[in-house]
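The chain below stands alone and is given in structure tokens; this is the form predicted on its own.
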Amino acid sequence: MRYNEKELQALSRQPAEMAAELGMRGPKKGSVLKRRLVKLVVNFLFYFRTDEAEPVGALLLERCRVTREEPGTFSISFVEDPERKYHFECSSEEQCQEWMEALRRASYEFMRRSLIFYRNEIQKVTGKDPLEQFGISEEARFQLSGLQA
């Protein structure tokens, strides 16, 4: 994926949907658990050293799977390379559940499916397409036929 480093750094400074200090272990063999400040901003998961303002890295939360591991831990893997997992350790089971739910809702595809669902529900109730007023009701990305099972 191509990205502009300055724009990505600016995005990392935006208000986060969630942020916490978590234990994090990268996908490399022999990687050890390290404390990281983890911030969810839109569909990016940024991670920082606890004493630095610039992110160490970022994960784009598209085509990924969030999986429950041991109690209080979860992992993120990607469809293209499911064996390559990032592991996260939370301070409680409740925190773990909150993070997993937020990460699953963060992808563009989840937001797109939600928009289509609510668009159809509004259309059933009102008889009008709520996207029509914005001139985007015919765009392919907002059509049910574009959904994959």
Partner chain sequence: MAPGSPPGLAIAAMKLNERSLAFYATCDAPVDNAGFLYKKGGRHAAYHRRWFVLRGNMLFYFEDAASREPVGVIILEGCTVELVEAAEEFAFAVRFVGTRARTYVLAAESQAAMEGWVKALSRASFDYLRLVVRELEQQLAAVRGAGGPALPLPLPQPQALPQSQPLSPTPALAPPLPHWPSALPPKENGCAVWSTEATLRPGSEPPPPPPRRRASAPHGPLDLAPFARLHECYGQEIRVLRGQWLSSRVQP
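Please read all numbers here as calculations on a predicted model, not as lab measurements. For clarity, a rigid core is taken as the largest C-alpha set superposing within 1.5 Å between two forms. Numbering follows the first chain given and starts at 1.
Although it is not shown, the form predicted in complex with its partner chain is what the next lines describe.
When its partner chain is considered in the model of the complex, residue 62 lines it closely, a heavy atom lying within 4.5 Å. Residue contact with its partner chain in the model of the complex: residue 39 places a heavy atom within 4.5 Å of it.
Mapping the unseen interface onto this chain, residue 111 counts among the residues with a heavy atom inside 4.5 Å of its partner chain in the model of the complex.
At a distance threshold of 4.5 angstroms between non-hydrogen atoms, residue 32 is out of contact with its partner chain in the model of the complex. Heavy atoms closer than or equal to 4.5 Å to its partner chain in the model of the complex belong, across 50-71, to the residues 50, 52, 53, 55, 56, 57, 58, 59, 60, 62, 63, 64, 65, 66, 67, 68, ordered by sequence position.
With the core held fixed, residue 14 shows a CA shift below 2 Å between the shown form and the other one.
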